[in-house]
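Just the one chain here, laid out as structure tokens, in the form predicted alone.
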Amino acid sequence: MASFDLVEPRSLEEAIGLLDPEDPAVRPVGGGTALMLMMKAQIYKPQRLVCLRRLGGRLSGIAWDAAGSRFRIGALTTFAALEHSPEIAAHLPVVPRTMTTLANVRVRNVATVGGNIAHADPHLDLPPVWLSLGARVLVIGPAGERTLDVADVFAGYYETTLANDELIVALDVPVRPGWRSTYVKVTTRAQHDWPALGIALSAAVSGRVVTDLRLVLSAALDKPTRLVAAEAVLRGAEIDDAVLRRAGDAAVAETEIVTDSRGSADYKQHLLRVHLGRTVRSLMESGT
């Protein structure tokens, strides 16, 4: 591994000042679980890493707002903290359930919420869940703060809309009473492996009718993506085999699924049709 400088700022302002808007070889690092692998493989060769681990304040912790309508999750919050939070389990149970097949305990003890989003690997498990929940991120840089939908962070494979001198500060996740959420990870090998595709679904259900929903596909595309055409088929519909077939056809038609080591595009289109139907039925039968 090539040599590089490692700096540890003591404030958010100092951290932003150490970043370089023109130099992608200067990069912030939180848990570093993915970045270290890229460095060992010589895929990424930094000149300077700005380590955020000594920063607290707005970048750390899980806060449940006074109105009881949303969570503010600091960017440096680890996966393990999410996994073991009683508040998250009570109000966003899809998050700890997703953790059961996400990497391993060692990774979850170190990996951070903000770094996971900023990494922009389309195979990751949590980003499609955040999209399905309607989460937003707070970003800060020299020009000030801005808030954007999680979906708007991703520009493509390992690409984001964040400037080189911007940092994710926190994740804002609304809680919708009465909605149910699930994430289905479809792997071709071991359960904890990278998915061939992932489906995240959050929906309001009344009897056999899906009254509203957010449906997201990941892994099979270059970024997690809402399936708006499939949503339109399902929204307001009483769920039966015919509706699920139409939704599956709509999902395949609106996406450009890629061929990779986890399967051909045709194979993953078949997986999408099958598992979209199973995901919707499973959600209809669940209570959370």
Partner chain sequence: MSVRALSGRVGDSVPRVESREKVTGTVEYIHHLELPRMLHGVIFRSAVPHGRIRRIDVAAAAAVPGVHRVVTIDDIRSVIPNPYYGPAFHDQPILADGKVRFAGEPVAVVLAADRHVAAEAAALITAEYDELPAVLDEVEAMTSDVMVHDELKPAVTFPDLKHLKGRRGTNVALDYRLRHGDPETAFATADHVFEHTFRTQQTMHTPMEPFVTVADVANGRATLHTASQGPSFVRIEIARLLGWPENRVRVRVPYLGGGFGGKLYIKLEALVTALSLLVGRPVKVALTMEEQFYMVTRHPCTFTIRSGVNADGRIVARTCKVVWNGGAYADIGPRVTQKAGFTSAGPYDIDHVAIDSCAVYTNRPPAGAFRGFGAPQTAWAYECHMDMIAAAMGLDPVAFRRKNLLRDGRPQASGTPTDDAALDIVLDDIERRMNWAAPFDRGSGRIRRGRGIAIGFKGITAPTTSVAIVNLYADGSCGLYISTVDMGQGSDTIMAQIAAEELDMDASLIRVVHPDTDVTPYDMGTLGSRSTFHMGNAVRRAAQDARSKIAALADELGLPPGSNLPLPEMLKKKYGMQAGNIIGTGSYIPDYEKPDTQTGRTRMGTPFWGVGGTGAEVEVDTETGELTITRLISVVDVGTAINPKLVQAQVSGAVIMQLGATTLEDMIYRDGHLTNGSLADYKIPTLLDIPRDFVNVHVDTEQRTGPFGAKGAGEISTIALSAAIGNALADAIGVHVLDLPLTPEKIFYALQAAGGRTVTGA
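Residue numbers count along the first chain shown, from 1. Being a predicted model, the structure only gives us computed values, none of them experimental.
Form predicted in complex with the partner chain: not shown, discussed below.
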Requested in this report: Report the residue, out of Glu145, Glu87, Asp193, Asp149, that has at least one non-hydrogen atom within 4.5 angstroms of the partner chain in the predicted complex.
Outcome: Asp193
Report task. Flag Gly263 as yes or no: does it have a non-hydrogen atom within 4.5 angstroms of any non-hydrogen atom of the partner chain in the predicted complex? Result -> yes
Query raised in the report: Can any non-hydrogen atom of Leu6 be found within 4.5 angstroms of the partner chain in the predicted complex?
Result: no
Query raised in the report: With the cut-off set at 4.5 Å between non-hydrogen atoms, does Thr188 touch the partner chain in the predicted complex?
Result: yes
Requested in this report: Could you confirm whether Leu12 comes within 4.5 Å of the partner chain in the predicted complex, counting heavy atoms only?
Outcome: no
Report summary line: Among 207-215, 111-119, 193-201, 173-181, the stretch whose residues bring a heavy atom within 4.5 Å of the partner chain in the predicted complex is 193-201
Requested in this report: Given the partner chain in the predicted complex, answer whether the residues Ala2, Gln42 and Leu271 all have a heavy atom inside 4.5 Å of it.
Outcome: yes
